[in-house]
Ligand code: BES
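Single chain ahead, written as structure tokens, the form predicted alone.
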Amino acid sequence: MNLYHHSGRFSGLLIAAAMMLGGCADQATPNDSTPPSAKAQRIAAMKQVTDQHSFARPNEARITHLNWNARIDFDARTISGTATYDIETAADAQRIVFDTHELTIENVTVDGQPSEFSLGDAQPFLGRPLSVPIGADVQKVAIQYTSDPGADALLWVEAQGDKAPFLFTQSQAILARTWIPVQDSPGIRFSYDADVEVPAGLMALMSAENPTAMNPDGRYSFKMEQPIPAYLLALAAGQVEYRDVGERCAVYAVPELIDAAAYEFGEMEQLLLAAEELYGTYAWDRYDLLILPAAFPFGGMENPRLTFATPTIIAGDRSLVALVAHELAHSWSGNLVTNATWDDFWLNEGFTVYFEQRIMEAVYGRETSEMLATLSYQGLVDEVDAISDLNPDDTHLKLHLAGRNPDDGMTAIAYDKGYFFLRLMEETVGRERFDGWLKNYFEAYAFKGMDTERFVDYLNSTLLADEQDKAAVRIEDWIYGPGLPDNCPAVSSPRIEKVDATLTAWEAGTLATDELPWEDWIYQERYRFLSNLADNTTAERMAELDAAWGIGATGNNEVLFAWMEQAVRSHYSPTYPRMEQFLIEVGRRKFLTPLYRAMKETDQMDMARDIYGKARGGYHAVATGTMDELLDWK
């Protein structure tokens, strides 16, 4: 069924149907000629896979729409609000269960009348279930609550000098429950509208229709008509400005970064058009970007309509826009078709990396995309080796996260092993056929969830129905087997190969440091050279590189990170002050983990702990959770 209007806008009727379905891993067959009745759709929607990371019981009662009224208190570091949900119930429903984590629940009403409620025992990282008694005819449940000042999803960035305070959320994977009581499962979708009050002088933004100018009284209203899972619920508040960079694209950033951001991401519309050309009409109306404080723990977060992004991707030369391509691709793989549980995380990220590479190829050429793929392959091999030593099962695409924090599954396996699996299928059946299949997949399961087992069934009955293709791909080995299968596609980048040859010559002493083509290299080549330096590279040789090319002063944070990691392993101390400043200012976990680990592995734990002690208060909980364990921080 074609889910798109000829006008290129999503049909309001289809959005309403998707809201009713709630995005569960239903049993609808994409090739059915007769659409199921509304009642059949509701029944199918109740039959979703079990999410072991949520207390919700959607087969009994589940949310379909949220009306949220909230006040943001920067002094108390709390969000006080009332979350009113439209709900859908089974015929024998007796209760509805929400996920909460360290929320103070003040009162609950059911269809406008005060109601009893109960909170279950707290469980590590899952929080506590909030159970509200209901009957089958109940339509609305309202919960008045206050968040904890230390809520894990929230980072309160203090005002400094003339810089205003800033708040942002990070809800993925299961942190939405720390700032709003919700059914916090990726298989449960809901639309929402909101009224939010923030201090005067700040602008509030959400993963929804957003303001373009500051409201003097600090009151803002939002609407998200398309149904989303809770991990895509997002909020930010700060002194930001708005700048158009295309017909459907804009950037938000603090005043001192708005000009740089508008230039850096000036090609967003071009990326969006390339994505639509590949896999169908963009379903979210606008694609805007918010530059967050550097403490943001990720490169980007694909919140619908408003990607959250780290300022570390502002390089001044648009060299790091692959991250924007990645978050944009999530508008199809993840936001539109969503992993039903966190064990199925690769269905979000593997598809997104594949889509990202195709966008980059379409806009910047095959040479650029293959350089990126080569770097991804190197990182994947390293990650497979490291994880295999600890738990080989964690190198499966289908994860096994029962009793564990789903954050444990956010590794290169889901991203890059998933990408190479999809690339293998493309190379097996041919690009034209694969593209048609993938576009149909996004259309058939729009606003629904997908689990690995149903995906395998769908794959076997569609793209890989031919037994010869199926045998060539070896689905079981990729999805349920460890490591990288030996039919992994080969990547080839002549430019990266030249970098490797140059590095070999330099390390052998047959190429002088001032003869390196450093100034002719682009970011990917510089990163490859630095990241492949031998661990036993001496401090003297690092000093040669620094003197010749001033690498430690680069404005490209990916290159700077690779340089600093090698500086630690080479004990090149002149870079240490810059690294300390970087680690105090930047909270991106991708950078933090390797740098602190390098200090730990080179017997420089005193330095690691000293820097971490200064920096920890400015990191998001996502980052401190990882660093605390790495550094045995008490």
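Counting begins at 1, following the sequence as shown. Here the structure is a predicted model, which means the values were calculated and not measured.
The protein also exists as the form predicted together with the named molecule; that form is not presented, and the subsequent description refers to it.
Shown alone, this chain has one stretch from 512-520, 103-111, 204-212, 319-327 that lies within 4.5 Å of the named molecule in the predicted complex by heavy atoms: 319-327. In the predicted complex, residue 345 approaches the named molecule with a heavy atom inside 4.5 Å. Of the heavy atoms in residue 410, some are within 4.5 Å of the named molecule in the predicted complex. Mapping the unseen interface onto this chain, residue 302 counts among the residues with a heavy atom inside 4.5 Å of the named molecule in the predicted complex.
When contacts are judged by a 4.5 Å heavy atom cut-off, residue 284 does not count as touching the named molecule in the predicted complex. For the options 224, 560, 275, 173, the residue carrying a heavy atom within 4.5 angstroms of the named molecule in the predicted complex is 173. Taking 298, 455, 117, 441 one by one, only a single residue has any non-hydrogen atom within 4.5 Å of the named molecule in the predicted complex, and it is 298.
In the predicted complex, just one residue of 413-433 lies within 4.5 Å of the named molecule by at least one heavy atom: 415.
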